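Below you will find one chain, with nothing else, as structure tokens; this is the form predicted alone, and questions on how it binds or moves follow later.
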């Protein structure tokens, strides 16, 4: 079930009405659990079996870790690791590692036969396995008490707004919300609907239109100039941002309808002034997960700058592999890791998620603009490896862009880019609106001085305009594949 369909809208209305009609927290959690499994089974009912298995294993292991001592606690934690990473490895990485091993053996003259598995990657498995893993790890570290309620825990793991593509929630933040009584808050619900509207508009109006441009350019890359390939890459940068942050906005807004607060996942990342700031603003729930459960356990910055650089690079390489079973994603992670090193090693704190990106002024200074553009350029370089289908295609696109970008005559080829005016207009509209509203969690937060009739006109125009310019095809969210 996809957020931007009429099916989901009807599903949400029914669940919302039934949820607030129930008198007790346990009944509400039971309804959310049942609704979440229906939501997930809409893709394939067999996926529910894997999620249920992961839920039961980590609920049980969490109890065992809490009461055990010494080495036994570590052994129980390894049960969680093996169960969750084993499922993830079998479904997502088995074929990748087999093919990579065969290719490596072939390079040294050893003949080997590839035995791959024909497995469908369960939607959202990368997200909920990380969520359940953090639960057992936090109990092991003594940072969290295990819950005694399997119902509360199951609802926490399967909560349908954030099940498929996050935010990746920590049990310490989300589980207490399922364990406490919730009451309807009209202001929360109204702002949740506004955030859902903004997420839907970003998806159907911007991301889906840009997807047509990107698919056409990247589908015929060998026949295009480097400038057109550059334009396609810029379009992809905004496509994936609007697609993924749009999902997060809908998820966060949807959860607020049920009195549940999810973590912020995006904070205007394309206004960042360096790559370290980007990763404080982009997919925040994942970047903090890797910080707390990979980077810090590796040693973080405790053993000097050389070890710090190694730990940053290793963390980003693993993060790249998390995104997909391909060397393209590993290189994408490596580029991001290398780009972060200058800021990280300098010791500069930089702007954080809750700071206003690029400062509070309406017009930024030349140095700020240059920093934003340079950072965005590095991100686009990395996005090539994320979007291209193969490593050789990525190298070809980058080399073609670099060779053509310095030739003024090649910029004339940009006039042949598909849907140039429409896609450029959508990007400029998005950037302008988010720049003006970047002090707020989402752009549809308006001053009380703006009257209700004007606000409703804005909402209506956004909804109507989004539907009218939507290409109509039900394009899946990009992060469903991860």
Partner chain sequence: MGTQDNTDYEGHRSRTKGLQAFIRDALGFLVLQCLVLAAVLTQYPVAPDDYLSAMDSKTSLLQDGNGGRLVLVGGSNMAFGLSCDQLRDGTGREVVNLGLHAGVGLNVMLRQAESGIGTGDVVVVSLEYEHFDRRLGEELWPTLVEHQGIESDWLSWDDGAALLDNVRYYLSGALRRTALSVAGRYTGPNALYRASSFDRQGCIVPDVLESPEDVSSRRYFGGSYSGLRLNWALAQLSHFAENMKDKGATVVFVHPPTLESAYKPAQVGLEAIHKRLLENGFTVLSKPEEAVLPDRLFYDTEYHLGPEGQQRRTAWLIAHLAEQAGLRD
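Numbering follows the first chain given and starts at 1. Everything numeric here is computed off the predicted structure, so don't read it as measured data.
Keep in mind that the form predicted together with its partner chain is not shown, yet the notes after this line are about it.
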- Query: Looking at the partner-bound form in the model of the complex, is residue 439 within 4.5 Å of its partner chain by any heavy atom?
  - Reply: no
- 4.5 Å heavy atom contact, residue 262 to its partner chain in the model of the complex: no
- Exercise: residue 184 in contact with its partner chain in the model of the complex, heavy atom 4.5 Å: yes
- Query: Taking the shortest heavy atom distance, is residue 14 within 4.5 Å of its partner chain in the model of the complex?
  - Reply: no
- Task: Would you kindly say which of 356, 189, 309, 381 lies with a heavy atom within 4.5 Å of its partner chain in the model of the complex?
- Result: 189
- Note on the structure: As a check of understanding, the residue in 164, 144, 204, 276 with any heavy atom within 4.5 Å of its partner chain in the model of the complex should be identified as 204
- Message: Based on heavy atom distances of 4.5 Å or less, which listed stretch (448-456, 426-434, 65-73, 32-40) is in contact with its partner chain in the model of the complex?
- Response: 448-456
- Query: Which residues, if any, of 1-24 lie within 4.5 Å of its partner chain in the model of the complex when only heavy atoms count?
  - Reply: 4, 5, 6, 7, 10, 16, 20
